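Listed next as structure tokens is one chain, alone, in the form predicted on its own.
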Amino acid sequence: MRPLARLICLTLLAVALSGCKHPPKPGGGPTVVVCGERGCPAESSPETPPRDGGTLVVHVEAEPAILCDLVEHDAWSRWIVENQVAETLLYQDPWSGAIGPRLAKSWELPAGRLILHLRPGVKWHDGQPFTSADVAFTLGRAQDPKVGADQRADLEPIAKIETPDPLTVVLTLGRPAPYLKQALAHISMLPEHAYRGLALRTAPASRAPIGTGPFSFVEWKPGERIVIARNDAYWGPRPHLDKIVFQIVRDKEVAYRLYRRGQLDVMRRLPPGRTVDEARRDPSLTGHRLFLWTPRAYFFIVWNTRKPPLDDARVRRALTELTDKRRFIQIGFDGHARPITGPYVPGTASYDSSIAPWPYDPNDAKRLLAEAGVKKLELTFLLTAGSRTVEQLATLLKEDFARAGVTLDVATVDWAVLLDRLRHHAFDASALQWTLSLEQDNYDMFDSTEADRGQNYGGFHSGAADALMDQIRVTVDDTARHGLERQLHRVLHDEQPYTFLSSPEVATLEAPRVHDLAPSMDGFSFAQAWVDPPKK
């Protein structure tokens, strides 16, 4: 797409919150919908009321390990479970960011406390009542460092959890908690009776989840599919779909062929090697929609700052200056990604847009390495098999680094092995993607205390960063907190514990029979989606 057309689309969406459509070119092809920074709001047509019934088939490119996102930081686990099968206490609108009620119908904020009033009559899918005991159990597990929940740092202000009756939860706070309500909007509640005395990771309910949501779990056939079905006893508005099948197809090119044959309704991402322009010209996709959207996420290289000479910020900056990010974006993402410089959502008050990316500058990189006393540097880059984007990055890094005499070896390991080595700091470099919250708490990723219990995989330590994060986490005033976050952005840019690469755009295909389903920055919510009946 031409830059001017993209700029116009984004401007219109920011004003009107509607997707910018590009109809098919003569000869056929899909309608292209370019989403703005908040995603694409689902479209409803008053002339065509939603139809109940039918099955939606969604492509899953990477099978999750389990379906309990409290302990497994996996995007597909979260998208399948959160607010489809399991539900959260509060709800954060994925387009506006506004926080409202969900399983908690209301709340109060007297001094030093958060009092949650739960909805009466809510039942788990196995018929057991949802009560305050389930909330206390879930939050208690989320606070446990051994569990490793994403939101653990945001729950640290909770000094005491009380349940005076089955429908009331009282959280006593030991300090201000600016991120607490957002955290409660992204922690799926767990049924205490299904987990009592069991480890979360290995409990049967983590593979066959029991929730309170609009869909209930039906089956998981490993390597083939995960199926959920409409919960007719749901406490809220019932979904239109009878069933959703998450079809597991690891080979994305095979999935693309299945999609074009009508065997998949939604393909979240075009396969590697298939460009957006190619898809736009494909006559077999006439009548389909091609959403171009940017998830709230960023792609980065993490350096093990515990290992000399990577413990020297000059060396990390030199490696960043040896990374041709623009070339990587063109090759790895077909040009459909935006450069980033820090760990906040671009366009928000936390992101310092005045910070320019470190340039690709091999000469300055050589100077920095010499200044740090590095004459010879050999590094190993860890990646997982099947990640073509990371494989392309590793290939480019080998070429770029060699220009400054840096040798990069590549080691391919299984995902579980990679995570274990990251957690134990047994690596030099690797690449990951973090999904962000609108109000992002970076304590777990960058605070020195989180190196052995959180997701500070690089073992990064900075007194300035630690002090800023301590301030940020007790600053309730939004303006003041955002100012501190921009300062943290600057520190991380200077220190380069990560080489911040890009926020990739995603091209999602959706069949003509699918309605009221569009991506937000959080991905997809299927509660309002519906499908046309099969053609006879």
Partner chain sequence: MSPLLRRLLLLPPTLLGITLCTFLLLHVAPGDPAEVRAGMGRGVTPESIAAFRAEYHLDEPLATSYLHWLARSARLDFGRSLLDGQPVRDKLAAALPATLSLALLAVALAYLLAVPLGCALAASDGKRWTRLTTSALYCLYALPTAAVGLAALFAGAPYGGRGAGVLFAAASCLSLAAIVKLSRYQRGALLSALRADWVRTARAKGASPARVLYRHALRNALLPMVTLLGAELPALLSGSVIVEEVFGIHGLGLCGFDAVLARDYPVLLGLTTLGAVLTLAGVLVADAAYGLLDPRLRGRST
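Between two forms, the rigid core is defined as the largest C-alpha subset superposing within 1.5 Å. Computed from a predicted structure; not experimentally measured. Numbering follows the first chain given and starts at 1.
Below: the form predicted in complex with the partner chain, not depicted.
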### Among 420-428, 307-315, 129-137, 89-97, the region lying within 4.5 Å of the partner chain in the model of the complex by heavy atom distance
420-428
#### Entry: Contact of residue 148 with the partner chain in the model of the complex (heavy atom, 4.5 Å)
yes
### Message
Is residue 416 part of the interface with the partner chain in the model of the complex - any heavy atom within 4.5 Å?
### Response
yes
### Contact label in the model of the complex: residue 505 to the partner chain, heavy atom within 4.5 Å
no
### residue 433, heavy atom within 4.5 angstroms of the partner chain in the model of the complex
yes
### Heavy atom within 4.5 Å of the partner chain in the model of the complex - residue from 197, 222, 110, 237
222
### Message
To verify the annotation, which of these, 268, 325, 152, 296, has a non-hydrogen atom within 4.5 Å of the partner chain in the model of the complex?
### Response
152
### Task
Could you run down 241-276 and flag each residue that has a heavy atom within 4.5 Å of the partner chain in the model of the complex?
249, 250, 251, 254, 257
### Query
When the two forms are laid on each other by their rigid core, does residue 469 show a Cα shift of 2 Å or more between the shown form and the other one?
yes
### Task
Once the core is aligned, please say if the CA of residue 82 is shifted by at least 2 angstroms between the shown form and the other one.
no
### Threshold 2 Å Cα movement between the shown form and the other one for residue 433, core superposed
yes
